[in-house]
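Given next, in C-alpha cells, is a single chain: the form predicted alone.
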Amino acid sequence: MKSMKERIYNEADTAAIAAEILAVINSSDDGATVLALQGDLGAGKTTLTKALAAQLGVVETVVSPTFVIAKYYQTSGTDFDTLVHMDAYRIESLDELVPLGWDALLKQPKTLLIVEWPEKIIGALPDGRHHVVIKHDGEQRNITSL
C-alpha cells in the first residue's frame, strides 16, 4: 500500500482504517485486487474485513469463512463489484486452491479478494498484492503495510 505504512488503532477506529485502505487500493479490469491480512488469532482480521465490506456496501452479514474457505459478496456503489473473503488457515497445500478456482478468481476484474492467513498460501499470491500485518495488545491494534 502506498500511503498507510503503520497505524495504531482500537476497534472503534476500524471503519476509519477500512476507509484508509480502500483509498489506497484500486479495482482493476485486468484481475482481482488482492489484500492479504496477516495476524494472529484475535488480531482483528475478520473485524477489518467486516468494516471493508460495509464500506463497499455489502448488505449481507460477513462472517469468517474458516470452514467454507471462501465467501462471495456483491458490493454496491463502489469500484469493486465483488468482495471475496477467504480464510486460508485450513489450507495445507497449494493444490487445495485448484477446486476453489483460484486461477480464475485472480483473473476476475473489479473483485477485491481479501485473504486471511496469507502466509499459508504465500506461493500462490500475486506479486502486486497489498499486504498488511495486524498485531494486537489488548484493545490496541497495530496495522503495518508491507
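Computed from a prediction, not measured in an experiment: that's the story for all the values here. Numbers follow the displayed sequence, beginning with 1.
Keep in mind the form predicted together with a small molecule is missing from the figure; the text below concerns it.
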Would you point out which of 89-97, 103-111, 75-83, 36-44 contains residues with a non-hydrogen atom within 4.5 Å of the small molecule in the predicted complex? 36-44
With the partner left out here, check for me: in the predicted complex, does some heavy atom of Gln140 sit within 4.5 Å of the small molecule? yes
Can you work out whether Glu20 and the small molecule are in contact in the predicted complex, taking contact to mean some heavy atom pair no more than 4.5 Å apart? no
